[in-house]
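In the structure tokens that follow, a single protein chain appears in two forms: structure 1, then structure 2.
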Structure 1
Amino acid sequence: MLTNFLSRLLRMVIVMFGISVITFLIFFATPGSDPAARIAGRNAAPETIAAVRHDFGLDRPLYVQYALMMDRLFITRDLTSFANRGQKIVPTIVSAAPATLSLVAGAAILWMALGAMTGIIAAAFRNRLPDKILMGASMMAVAMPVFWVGEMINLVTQSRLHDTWAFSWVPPLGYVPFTSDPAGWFLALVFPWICLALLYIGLYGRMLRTGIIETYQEDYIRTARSKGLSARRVLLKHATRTAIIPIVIMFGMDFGVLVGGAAVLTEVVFGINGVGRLTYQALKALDLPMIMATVLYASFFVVVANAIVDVLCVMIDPRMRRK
């Protein structure tokens, strides 16, 4: 048990180390990507670039730069931004995290509830009208680019119908901290939640439907039926329980990636200053310390989500305990 845990922990650390190295190499060692030239700006004189290079320690060997950056990121925690000098990296990320977490957690509740409902109802009515309607809607939801959905939502709720009774309650774009105004926090996030959840409701609904229908061919379902269990009990207790496992795996991955900053499109469209937007801005400004920190932050959530998913799967499906 303990060795299992330790080996998993070691693996997580190795994956994160690998990711940090990949990121570092993308930005520091790609031929032609000269960070100093970027920081110095367009048409900078060679002396300026040289000064900047020395100033930021970019003239040292790559592994020294890498080690220094990791040291200042994790141990002394005083890493500062290249783009906005003096801006501390760690506190900036910590202050952006609640917005992203609020957005993703709310959307996740929405998409898990509605996605499960879509899948179960569609499977129960398979090849009949409710199934066809739900699957058609899911296909549409999967086909729409998330930022476009966001734009259209904004068009309706912020402009065209904003002055009618239906959407006059919608606050202007942006994030309201929960601690300062819980009601405002909720209202401001309603449409971002819907926008972000839509794609996943479609994806999960379709996947769960296929899973349940496949499970229906298993022997134990036949056994359950022949014992005289009600159709509803077989569907919810027996078929769904097995079919939900791939959904849990996918949920863990999606949730981790989104919390780590992959919700960037939703954040940009709705003007939420979360981690995704922070990462995007850091990338655009080529703010290397910020990029390293945000990417590591993102990969941390992915790695942790992976580990949690493994544990959850064993809890749902005892068959996985034996390897």
Structure 2
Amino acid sequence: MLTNFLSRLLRMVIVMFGISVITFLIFFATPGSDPAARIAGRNAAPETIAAVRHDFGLDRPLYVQYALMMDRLFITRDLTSFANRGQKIVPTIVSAAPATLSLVAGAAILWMALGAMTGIIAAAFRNRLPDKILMGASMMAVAMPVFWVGEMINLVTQSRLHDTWAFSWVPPLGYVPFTSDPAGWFLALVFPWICLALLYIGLYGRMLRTGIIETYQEDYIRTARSKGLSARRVLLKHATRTAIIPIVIMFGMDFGVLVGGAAVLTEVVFGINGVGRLTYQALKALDLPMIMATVLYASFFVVVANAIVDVLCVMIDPRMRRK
């Protein structure tokens, strides 16, 4: 077990190192790209560009530039933004991370619970009315764009019906830190959670239904039935336990990517200053250090989420321990 853990940890470190090198080369070693010219601004004099290149160490070999960038990003943590002089990268990302984590974690609880419920109920009533209703609703949820759903929610809760008894409790758009006001934190995130979770509820529900139906064709399911086990026990203990493994794997990928900034549309629509919105603003300004830092931040969560998912899959299905 310890050897397996150390092996996974080593792979994580290697993957993170590879991602950092590739990200650095894309942003700082692309032919025709001159970061110093971007920092200096348009129509800057050659002397100004040369001074900027020297100040930021961009006139040194690539491996030295990489080492300096990683040192300033992870060790000294004094790397500053190219677009906003004086803005430190790491503290900015750290301050934005709780908003994104709160948004994604709450939405993940919703989509896993409701997605699992949708898939199990639909599989139990296969080709009957509950199945058709749930699969139709799931298809609608998958088809609706996140930004459109968010705008419709805001139109109803923030404008048209905000003064009615049903939505008068909805706070203004934005994020409220949990440490300062737990109740305000919850109320501010209720509709962003719903908006972000809708797509995944439909997607996970449909996938779980398909997996359970396919699992019913396995020999061990027939054996369990022949032993006289109830249909409910066969569904929940045997079929669902096997069918949920691909869902757990996909959840790890989705959660890591969303925490890494892929929830940008939800953050922008609901005015949440998270990592996704921070990355979006950095891309508009071509702020290379900020972009590189947020990419590394996102890759870290994806790698860690996948490692956790591997452990969960082994706990769910002990047969995977031999793989």
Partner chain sequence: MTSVSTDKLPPSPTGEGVSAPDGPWKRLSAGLLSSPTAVLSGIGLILIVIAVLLAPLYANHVAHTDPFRSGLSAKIEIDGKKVPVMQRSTEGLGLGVTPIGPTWSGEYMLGADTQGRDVMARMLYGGRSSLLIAASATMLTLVLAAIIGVAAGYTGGLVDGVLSNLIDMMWAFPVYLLAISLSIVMIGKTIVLGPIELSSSSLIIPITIIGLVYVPYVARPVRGRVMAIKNSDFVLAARGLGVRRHRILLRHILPNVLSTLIVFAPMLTALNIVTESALSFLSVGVQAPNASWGTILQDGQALLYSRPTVALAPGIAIMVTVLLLNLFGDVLRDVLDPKSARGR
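Owing to the predicted nature of the structure, the values given are computational and were not obtained by experimental measurement. For the two forms, the rigid core is made up of the largest set of C-alpha atoms that agree within 1.5 Å on superposition. All residue numbers here refer to structure 1's sequence, counted from 1.
Each structure shows the same chain on its own, and structure 2 is the form predicted alone. For the motion between the two structures, Leu62 lies in the other rigid part from Arg206.
Treated as two rigid bodies, the chain shows a rotation of the smaller part against the larger of 9° between the two structures, based on C-alpha superposition. When the core is overlaid, the C-alpha of Phe56 ends up 4.2 Å from its other position between the two structures. For Val13, the displacement of the CA atom between the two structures, after superposition on the rigid core, amounts to 3.4 Å.
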